[in-house]
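Only one chain is shown below, in structure tokens, and it's the form predicted alone.
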């Protein structure tokens, strides 16, 4: 099993009150699955994704990744795991505006990019239809192209898992379908995808849909 969550709870303090973002969330995700997580705004979807990715420690409960207690790892080891085994794709792209496309993809490299990493980055840009724009900057791209650039960055280190947070939320239907197609191709090659979404664009590719309601896993 790639991911095991047991009784995962996350609370925040807001305006002096406690807000429960995840409420005893328990689920398992096997290697090679494509899982869509759906729910209304405020249901805890993004919190769940950040928790699965080792970026946000839960207030209670446990998260295992590949049999390891994710939040029991030393911070440096957890960062290495996150860099080497998990790729992230965000709704707002999180690109560096002053770097060209190749430089943005190479941000995922764990250190100074090697020649092999540069070659792979260029190859990914070609695969995602951006090869001829490798020297451009993100501000010169459409929203769909920027999201494909973010997918290329997520793929650089050959991750086992991609966590995608509303990757089609800012895209028109045609570009949304294109981004989902690339995530589906990663899945078909044996990768695992957990995709948070409001919509249904990924439903034809997802083998399972989890629904969150006020931080809880809702019955399907």
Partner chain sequence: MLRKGAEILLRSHILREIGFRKLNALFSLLGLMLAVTIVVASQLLAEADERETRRVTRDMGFNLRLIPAKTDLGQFYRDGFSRHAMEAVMLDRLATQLTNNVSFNHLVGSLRRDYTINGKDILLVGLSETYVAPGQGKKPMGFEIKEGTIHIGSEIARWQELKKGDAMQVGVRRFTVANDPIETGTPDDITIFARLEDAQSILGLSGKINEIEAIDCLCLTADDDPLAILRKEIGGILPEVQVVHQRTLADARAKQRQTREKVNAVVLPSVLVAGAVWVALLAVLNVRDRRQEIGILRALGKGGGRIAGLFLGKAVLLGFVAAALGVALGTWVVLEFGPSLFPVTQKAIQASSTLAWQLLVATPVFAAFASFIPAMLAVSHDPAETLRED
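Residue numbers count along the first chain shown, from 1. Because the structure is a prediction, the values reported are computed rather than measured.
Not pictured, yet referred to below: the form predicted in complex with the partner chain.
_Partner contact for residue 74 in the predicted bound form: the partner chain, 4.5 angstroms, heavy atom_ = Taking the distances in the predicted bound form, the answer for residue 74 is no, it never comes within 4.5 Å of the partner chain.
Contact test in the predicted bound form: residue 100 vs the partner chain, heavy atoms, 4.5 Å
The answer is yes: residue 100 has a heavy atom within 4.5 Å of the partner chain.
Quiz item: Within a 4.5 Å heavy atom cut-off, is residue 47 in contact with the partner chain in the predicted bound form?
Solution: Residue-level check for residue 47: yes, a contact with the partner chain.
* **the partner chain contact in the predicted bound form: residue 109, any heavy atom under 4.5 Å** => Residue 109: yes, in contact with the partner chain in the predicted bound form.
Worksheet item: Of the listed stretches (48 to 56, 61 to 69, 31 to 39, 181 to 189), which one has a non-hydrogen atom within 4.5 Å of the partner chain in the predicted bound form?
Response: Stretch with heavy atoms near the partner: 48 to 56.
> Can you name the residues of 1 to 16 that have a heavy atom within 4.5 Å of the partner chain in the predicted bound form?
Replying inline: Only a single residue, 12, comes within 4.5 Å of the partner.
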